[in-house]
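The chain below stands alone and is given as structure tokens, in the form predicted on its own.
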């Protein structure tokens, strides 16, 4: 019976793996196609019938892309903006989530409801007031204009709030009896214990900041301040006669940081979302 049960379990795992491979292949195919086209010579890109794999790998498209546009500047801007937004959102979310999950004050539930309510408001609604506010401060086409409007995240507060609620209050009470302050307890105990949720939110925040398109397009006016996503669109519009291999090479370089980040941290991301999402 044990061998029969084990055989059935193995068969079920194989079937489940094959079923999951189908959507995974569909999701990965565009990225694979992009890499293959970026590694082809000009004539291979437009040949018919098309071939997925190049006859001979080449990096000439990447060299031409780097010499045709300031891609490294776009990457630097996106890295600076995304890293700053991630740090600010994590920092403010940790403080707010701790206050809402541990401190008792009047209107606590209303504050939490207001924060959750902000998650239901489309980001496009805030574009006009944010733009006029930054314009009145003469902050357009600056890094603060790209960073500060996204320094707080309602989703991050809610996510960490859910996780902080699972940490026993007795642990905090014992630390307080030993003379530990609230801030010390937060950063020496709560943050390390909540590292999976914080890591998951940090990845989510970084990818979201990196992929922003509409807001950087509105508030940036010079090439020196444009981010990676704007750079892709500008690169395509200003180089209409350029081969698709070069365009794909530029796109591959501009999306590679987020792809590599997610591949390197996917276990922590899934663990953090799972541990914080099923409790509270």
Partner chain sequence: MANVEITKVRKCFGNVEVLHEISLSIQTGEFVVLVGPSGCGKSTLLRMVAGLDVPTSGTIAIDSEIVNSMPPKLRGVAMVFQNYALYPHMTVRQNLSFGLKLAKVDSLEIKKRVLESSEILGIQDHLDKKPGQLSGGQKQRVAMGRAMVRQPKVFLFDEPLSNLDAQLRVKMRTELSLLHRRVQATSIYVTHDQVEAMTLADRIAVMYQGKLEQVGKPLELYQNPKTKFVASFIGTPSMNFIEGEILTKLKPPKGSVCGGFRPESTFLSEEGAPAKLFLGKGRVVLVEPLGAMAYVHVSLAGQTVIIEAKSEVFPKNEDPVSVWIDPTKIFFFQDNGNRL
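Keep in mind that this is a model prediction, so the values were computed, not measured. Numbering follows the first chain given and starts at 1.
Beyond the structure shown, there is the form predicted together with its partner chain, which is absent from this document and is the topic of what follows.
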Response to the item:
In contact with its partner chain in the predicted bound form (heavy atoms, 4.5 Å), from 120-128, 176-184, 197-205, 143-151, is stretch 176-184
Practice prompt. Give a yes or no for residue 95: in the predicted bound form, does one of its heavy atoms lie within 4.5 Å of a heavy atom belonging to its partner chain?
Written response: no
Item to complete: Using a 4.5 Å heavy atom cut-off, state whether residue 189 contacts its partner chain in the predicted bound form.
Response: yes
Worksheet item: Does residue 71 reach its partner chain in the predicted bound form, with heavy atoms at most 4.5 Å apart?
Response: no
Discussion item. Would you classify residue 134 as touching its partner chain in the predicted bound form, given a 4.5 Å non-hydrogen atom cut-off?
Written reply: no
Discussion item. Between 193, 99, 90, 75, only one gets a heavy atom within 4.5 angstroms of its partner chain in the predicted bound form; which residue is that?
Written reply: 193
Discussion item. Exactly one residue in 113, 80, 171, 103 has a non-hydrogen atom within 4.5 Å of its partner chain in the predicted bound form; which is it?
Written reply: 171
